[in-house]
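Presented below, as structure tokens, is a lone chain in the form predicted alone.
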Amino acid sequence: MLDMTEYQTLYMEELDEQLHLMEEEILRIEQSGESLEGIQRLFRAAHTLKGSSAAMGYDRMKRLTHNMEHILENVRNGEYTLTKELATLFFHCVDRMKQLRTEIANGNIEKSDIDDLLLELRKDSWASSPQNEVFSGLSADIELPDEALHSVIQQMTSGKKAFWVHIYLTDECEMRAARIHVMNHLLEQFAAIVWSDFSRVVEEIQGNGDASARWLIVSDSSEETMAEDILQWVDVERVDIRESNITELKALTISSVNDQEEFSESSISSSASLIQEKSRVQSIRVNVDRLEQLMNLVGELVIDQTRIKQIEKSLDLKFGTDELIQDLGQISDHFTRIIGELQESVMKVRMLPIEQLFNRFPRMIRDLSQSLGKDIELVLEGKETELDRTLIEEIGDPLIHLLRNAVDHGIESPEARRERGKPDKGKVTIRASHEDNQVLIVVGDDGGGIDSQRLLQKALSLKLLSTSEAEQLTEKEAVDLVFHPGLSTASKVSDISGRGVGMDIVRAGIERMNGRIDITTIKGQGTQFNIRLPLTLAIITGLMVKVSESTFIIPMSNVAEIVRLEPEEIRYVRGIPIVTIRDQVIPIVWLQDCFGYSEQHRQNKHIPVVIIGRAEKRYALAVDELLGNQEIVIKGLGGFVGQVEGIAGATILGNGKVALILEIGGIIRMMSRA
């Protein structure tokens, strides 16, 4: 008997890919209208999953995809139209398949029931939904010339849309034939007329026929705008406008049967081209674990390279310009160059476009918008920006939290937006880009902004601040209270957000990645979160500092500047040590005090101080000695040590000793409690 377990991994990978493709395509069709290519992609995905599921013995997955495939075939043939209701049903099918996927991954058994979805998919009403009845009324009995279809396709490539327009004249209209002519002329003013039956209607009107005519037009205006304009025309009683698509128009052409055959052939040809194109791509799939292992080996080489450099320096100091030491230096330099190139190559392999993360959001925003009764446009920019795969996995949850907050609390209801003179449709933007060897991710909305005074009042009511402390806060510091645990200005708690338990976790998560987050908000205009992340978490540049004979590493991405201070420059305000650097008052703490080391540093004549930053705020860390910076490989502390506040991990130095890497968010929290 054939053992199928060896194909399980391949099946799961294909399942993930096809489910993602289906979700993306349904969303695209729902937003932009169906297209022949989109329906075909969706059909192919369902067909592929049906085949592979049958081969693997997953019956429920096979039956679900088979029934989806059946409906899609009818949509492709022009018998059905992919309405919003049908798109929603497809989304439910994809969700159930994801559930089945989890069950298969956990126990190789499909448990979830699919009968309810099969019942919905098999309903006859998809071919005669109310919307379809309207559609058939607009395009019934029409034989569209092939030239008209080609004209529509040509014009739609420039972003325009095709619409059926049906205009009814009032009974009081006395010169109906002339009025229909005028309608045709007026339509030509803002649209390209592809087809119309107005000539036939004019003849029938002269014989007391129906006083209405139909047009197929191509325009870049919206249905609402056109309807408003047309209803202003004299003698117009009613107008029906509905967007059409290539699938429908193709079915109406005189040579539709032949076209279907050509379509199938072109689809096969297109698929074949795609396969050929894929076969030309010089790439292979590699298990992520193997990449992780490769990265670990490169990390070990980086440590050895640092140690060799250290040994070379020691020998040089001990034996001077010995010929063998010079040879060792040359080999060391060559070794450094090769490892640098190797490291860069492995890093590139681990880099993925952030599109993989961004693609999860459109569906989420759609569902949230519908559940909240809001109309929201999600704009994704910079999807090609590359980021280490570990960071892409880590940043997902913080971004989801920010987006849910933006939809729930940021964007106002359509009524509230109307009152403020804003368009009904709100906008949420996510933008990614590279900036100064970092990745900048911006999450913004055009909603109501954060009310700093409400935050202050809430903080006072919860006794998180005293009145005098609240009075001293700047506007920016008041807005930053949103990151305080348990603080929310939401008027009601929903299952989406509002408990005030998320923003502090968002900031803590970003700081654990050695990143930073800051807010810009304007009341009534919107809020923007700027997140800065290092390109990778595997190997970073760190500043080595010495504290009580121990070496610590501060990630360079957190270092704002380094200064040396005289002891007398440190002053105390209400018992809190502070320093003034370029007119900015900065709290200072001795790193030794954070970890309970001895106070031998206090005897130094000049105190090395590292200024670290969190958003606009600055903090000063006094250390015993600065040792310089170098590339370090981040290692976990292991389960035995567990998590230690203020420590992000460890690394091995060139001398073979272990140094702890500081987690700046934790250090700042420790400073706040000191």
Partner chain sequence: MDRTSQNQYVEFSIGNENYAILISEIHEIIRMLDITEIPNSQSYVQGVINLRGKIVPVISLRSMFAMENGSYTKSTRIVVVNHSEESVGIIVDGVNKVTTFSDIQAPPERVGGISGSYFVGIGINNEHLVGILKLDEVLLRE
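Owing to the predicted nature of the structure, the values given are computational and were not obtained by experimental measurement. Residue numbers count along the first chain shown, from 1.
There is another form of this protein, the form predicted in complex with the partner chain, and it is not shown here; the text below is about that form.
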Heavy atom within 4.5 Å of the partner chain in the predicted complex - residue from 195, 163, 358, 552: 552
Contact assignment for the partner chain in the predicted complex, among 335, 595, 91, 168, heavy atom within 4.5 Å: 595
Contact of residue 50 with the partner chain in the predicted complex (heavy atom, 4.5 Å): no
Contact test in the predicted complex: residue 625 vs the partner chain, heavy atoms, 4.5 Å: no
4.5 Å heavy atom contact, residue 57 and the partner chain in the predicted complex: no
Contact test in the predicted complex: residue 27 vs the partner chain, heavy atoms, 4.5 Å: no
Stretch in contact in the predicted complex with the partner chain, which is absent here, among 629-637, 605-613, 35-43, 60-68 (heavy atoms within 4.5 Å): 629-637
Residues in 649-671 with any heavy atom within 4.5 Å of the partner chain in the predicted complex: 650, 651, 652, 656, 657, 658, 660, 670
